[in-house]
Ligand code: N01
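We begin with a single chain expressed as C-alpha cells, specifically the form predicted alone.
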C-alpha cells in the first residue's frame, strides 16, 4: 500500500521574525489563507528573541522600528530595548491573528524543487509537505558564528555566544572573570550591561570600532500620550527621523568631505570619554569611518574606563582549560588571561546563511553550491535563477547600515506578494528570475558599491565576501529600494506553464546552459 501524499500548501514561509510575520500578514490582508509559517525555535521572534543579552537594544530610533501599518506609540526609550521589540512583534502577530498559526519547533531540513511537478518538496523536523512557493524569511542574523580559536572546545568554563544568551547565562557571569571576544555592535552593548555584575571583563579587540554617542533617553510620558491620541503626530516624527537618517548614506558611504566631519565628531567624543592616552590609542580606529559598521553608545567608553575592564588588543593565540592566551605584539611573549566564562560577540553568517545548504534547485544543486561557484547574488535580493518560485526576504544586498530594516522588509514583502498574485491571476505554474536580469542587477550594484567607503575605507568587514565583494548592503537609500521594489516585473522572469510533462527536462538543460 502506497503512502498517502504529503499535504500541500500554496505558500510556505520559513522564519517567524519580522520578515515572516510581515509576509503572513500581507497574505492574510489579500484574502489568502493558503499558507503555513514555520519556525525552528520554540517561540516566534527571530533576531529579537535570540539576542537577549544584557544591554541589547535597537541601533535606530524606536519611532522607526515598527511596521508602518502597526505603529507603536508606547516605546519606553528613544532606542527600544530588546524585550520591548520582541514583545511588540508578538503583540502584532496576535493582533493580526498570526500568532496561533506559527508552527514552532519546526525546522526546515530540505526543500527541493521538483521540476516535473512544478512545486517544492519540503522536509521539516515534523514531517513532509509540498508547496507551490517557498518564502525564506530567516534573515541575515539567524546563525551565529563562533571564532576559530585553538583550544576553545577544551575550555572548562562556560562558552556562550551573545545570540544564545539565556537567564542561566546571567547567573553564570555573576561575580566571575568574563572574556568577551569581539568589539562589534553586540559587545559594546553587552560590556556596559554586565560590568556591574561581574568581577572582571577582558575585552578582546581585533579592530577598534568607530563610536558615536547614541543620545538615548526615556520617552516622555506626555509624548507617549500625544502619540497615542494623535497618531498623525507620530507618523510625522517618523518621517522626519527617516529623512535625517537617509542623509547618512552619502555622509558615510560616498562623500569623503562629509565623512571627515563625522570622523572629527567621533574623535572628539573619544577624547572626551577616554582621557587616558594609552587607552584612547587602543580604542582609535585605523580606517575610515563607515568602512565597518558605525557603532553608537553612550556608555561603552565609560565602561572601558572601569578598573575591572581590560581592553586587550594583542592577538589571541589559543584557549586553555581556564584562560585565554594572547601574544604580546611588542615582545612576542605569551600571556595567559584567566577566565571563568567566555562570551563570543562574534556576529553572524550574513553572506552565506546555512539554510542555503538546504534549498535545492531545479538542477539538483543546493543554493550554497551556486553561491560558492558564482558568488552570492539574487535578483533584487529576492529571487535566484534556477530556483523557481523561491523568494527571499532580506536576501543578498538588502542590508542597511543607517536605517530600519523593517523598511526593507515591507518593500520586499510587497514585491513578493505581487509575484504570488501574478502566479494566481495568470495561472502560471512558476516564475524564475533570469540569469541576464540577475547579473545586470548585481553588476550595477557592485559598480555603485565599488566607489563606496565600504570598499575604499581601508578595512575588512563582514559586509564583504571572500572575493572582496560587498554582498550584504544596499548601496542607496531606503526610498530608492522601495522604488525598485514597487512593482513586480514579470518580463525579467521566465514563466513556467502548468503543463510540465514534455518540457521539464529541456527547461532544466536550458538553465544549465544559460550564460552568466
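Just so it is clear, the model here is predicted, and its values are computed rather than measured. Residue numbers count along the first chain shown, from 1.
Same protein, other form: the form predicted in complex with the named molecule, not shown, and the subject of what follows.
The partner is not drawn, yet in the model of the complex one stretch among 479-487, 46-54, 31-39, 448-456 has residues with heavy atoms inside 4.5 Å of the named molecule: 46-54. The contact residue chosen from 82, 133, 183, 442 relative to the named molecule in the model of the complex is 183, the criterion being a non-hydrogen atom within 4.5 angstroms. Site annotation in the model of the complex: the residue of 255, 248, 369, 207 reaching within 4.5 Å of the named molecule with a heavy atom is 207. Annotated contacts: 147, 345 and 348 all touch the named molecule in the model of the complex [non-hydrogen atom within 4.5 angstroms].
When contacts are judged by a 4.5 Å heavy atom cut-off, residue 194 does not count as touching the named molecule in the model of the complex. Looking at residue 59, you'd find a heavy atom of it within 4.5 angstroms of the named molecule in the model of the complex. Contact between residue 462 and the named molecule in the model of the complex is found at the 4.5 Å heavy atom cutoff. Within 4.5 Å of any heavy atom of the named molecule in the model of the complex lies no heavy atom of residue 397.
Applying a 4.5 Å heavy atom cutoff to the named molecule in the model of the complex picks out 292, 293 from 290-328, in order along the sequence.
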